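Structure 1 and structure 2 below are two forms of the same protein chain, each written out on its own as structure tokens.
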Structure 1
Amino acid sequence: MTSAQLEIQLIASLVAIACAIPGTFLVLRKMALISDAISHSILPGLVIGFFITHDLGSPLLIIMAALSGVITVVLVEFIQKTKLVKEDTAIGLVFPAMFSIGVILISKNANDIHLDTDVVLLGELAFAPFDRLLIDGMDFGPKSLWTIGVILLITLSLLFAFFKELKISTFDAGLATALGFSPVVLHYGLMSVASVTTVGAFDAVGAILVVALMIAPAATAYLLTDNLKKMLLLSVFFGVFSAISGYWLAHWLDASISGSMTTVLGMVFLLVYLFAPKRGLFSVLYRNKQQQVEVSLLTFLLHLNNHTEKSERHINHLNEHINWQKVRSKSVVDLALRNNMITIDKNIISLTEKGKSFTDKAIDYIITNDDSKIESIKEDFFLFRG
């Protein structure tokens, strides 16, 4: 691995961490789209900053760009408050306007600016190692490493200082206000961090992909944990993992680094979305199926409990009577047998002691409107789940 390769991966990882932190809170606040708005609307700020300083590495650019990010949020909220258009419409109105101002400014001054729209949209991490921080002829490494490093440091210190405030204002803005933690201040604080981070990440991954770095790791982590701190750590992990493996994917494919990073992010999300133990698609489908069979089982047991006459308990009669298809009746009867809840003697089905006491308890809960508790007695009675 060359030092340039190492530097690119280091920059990509820091960008990923810096994005994952505000991204987690944006996802929890159901504001994922606002990151899209910010990432596009920082452009006019960047361009104006560049006109003033003629230096792409100047901190003024970051400040100007962050400012236009915050202005976007203010505008969006102002339009929303009038209630004349819906929330997402307001976002859709503001950011293209801001972005197009940036695009026009660039194209009008194309000669004396080396920002071009492709780089703005997609970024180019591969060039990052060429733009170096030189002080008195000493090489202090790539400039973007320093930019994103400083931004990450600020983000981390704010996170450590205001973790509790961010948590409470995200979960319960009403109580936060009542306790004196102004959600407005925290909201704009978070938006400023998101804007500054976007500017820092912009260089590396461009306006479109920075959204993926903010949202995808947090959305993935959300499916895996019930704990905010773990969610932050997992987001960071997924971000860094995708950044590094994205880099090598790009290397292998000889393709765009930012594109490959985002592809990996998408794949990781897809895998977790499908296979997450509790909230994954398959486990949800499996649970629904299980529920369905178990409800059928209970219906079946209740029926047996209600009828002592043999004719009602004949296996063929049950098929017709409960009006289930053959396959379903068979799987229900099998499940009941495997759990020792019924016995079948000459095609007549009877409840066992265990089946009887399970059914009795379930009826108790149904009568008292405590259906949810049936779930917990299943643990005691079932050897096999549906």
Structure 2
Amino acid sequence: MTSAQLEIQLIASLVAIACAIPGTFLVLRKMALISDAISHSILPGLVIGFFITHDLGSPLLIIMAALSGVITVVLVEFIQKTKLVKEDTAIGLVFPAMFSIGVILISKNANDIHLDTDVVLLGELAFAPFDRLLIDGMDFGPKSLWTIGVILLITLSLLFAFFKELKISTFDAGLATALGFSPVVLHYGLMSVASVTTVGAFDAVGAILVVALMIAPAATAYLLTDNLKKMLLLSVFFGVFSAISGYWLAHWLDASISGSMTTVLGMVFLLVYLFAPKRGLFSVLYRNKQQQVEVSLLTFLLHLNNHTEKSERHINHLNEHINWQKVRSKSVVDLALRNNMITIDKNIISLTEKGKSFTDKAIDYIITNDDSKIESIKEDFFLFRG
């Protein structure tokens, strides 16, 4: 492995970590689209910063771009609070307008300068190791590494300093206000961090990968845990894993590095989306199917509990009177037998003591909706869970 390859992977990993932190809170706040809006609407800030400094590497560009991102958020929220349009519509109105302003500024004032939309919006990791930080002739490594490293340190410092406040304001803004926190200040602070991170990563990885690294790892982690700290750690893990795996996929395919990393992010999300233990598609489908069977079981037990005459408890009665097909009847009867809730004698079905006890508790729960009535059997049946 050459030093350039190592530097590319290190830059990509740091970008993944820096993006995962604000991305987690954006996903939890249901503001994932705002990352895409910020990634485009900061263009006028970058252009104005360049016009002031005439230096694409100036820190003022990051400050102006962050300000542009915050202005975008303010405009989106202002339009949304009018209640005339929803948030996604407001985002769709604001960021194209901001982006267009930046494009017009470039086309009218920077035609004779090495500044165009490709330079501003498209980064290429393969070139990052060649843009070195030189001080008094000493090589301190790629500029992108230092830029994103400083941003990551600032982001981590803010996270550790305001973790409790961010957590409370994210899940309960009213409680945050009651405790003396300002959800508005925290909100715009988060948007500022997202804007600065986006700008800092532009030159290295490009706009598309920045948005992907900010949202995909957090969305993937969200499917696996309800714990905020675990979600942050999982987001970082998925981001770094996808960055490194994507690099080697690009190396093997001789393809775009950013494109390969984004592809790996998509593949990882798809796998978790399908196979996550609790929120995966297959798990949800299985639980839904199980719930349908268990609702049928409860219906069956209630029927037996309400009828003492043998004609009503004959096994064929399920098909004739409850109007169940034979396959459904068999699955329900088998489930009841496996749980020792019924006995069958000469095709006559009777409730066992366990079945009678379960049915009585189920009736109490249905009537009162009191969890304590069903606590002893909640874990045995999906029907009474969460």
Partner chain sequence: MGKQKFAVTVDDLTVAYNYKPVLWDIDLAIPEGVLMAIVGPNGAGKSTLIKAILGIIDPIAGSVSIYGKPYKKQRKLVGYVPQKGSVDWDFPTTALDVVMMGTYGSLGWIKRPGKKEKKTALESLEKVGMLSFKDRQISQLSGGQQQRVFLARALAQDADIYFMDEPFQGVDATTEIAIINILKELRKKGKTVVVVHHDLQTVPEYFDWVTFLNVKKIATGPVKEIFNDDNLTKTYGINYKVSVQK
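Fair warning: this is a prediction, and the values are worked out from it, not measured in the lab. Between two forms, the rigid core is defined as the largest C-alpha subset superposing within 1.5 Å. All residue numbers here follow the sequence of structure 1, with the first residue given the number 1.
**Student:** Which of these two, 1 or 2, is the form predicted in complex with its partner chain?
**Tutor:** That would be structure 1, which is the form predicted in complex with its partner chain.
**Student:** Angle of the smaller rigid part's turn relative to the larger between structures 1 and 2, in °?
**Tutor:** Treating the chain as two rigid parts, the smaller one turns 8 degrees between structures 1 and 2.
**Student:** To one decimal place, what C-alpha displacement in Å is found for Ser350 between structures 1 and 2 with the rigid core superposed?
**Tutor:** Its C-alpha moves by 4.8 Å once the cores are overlaid.
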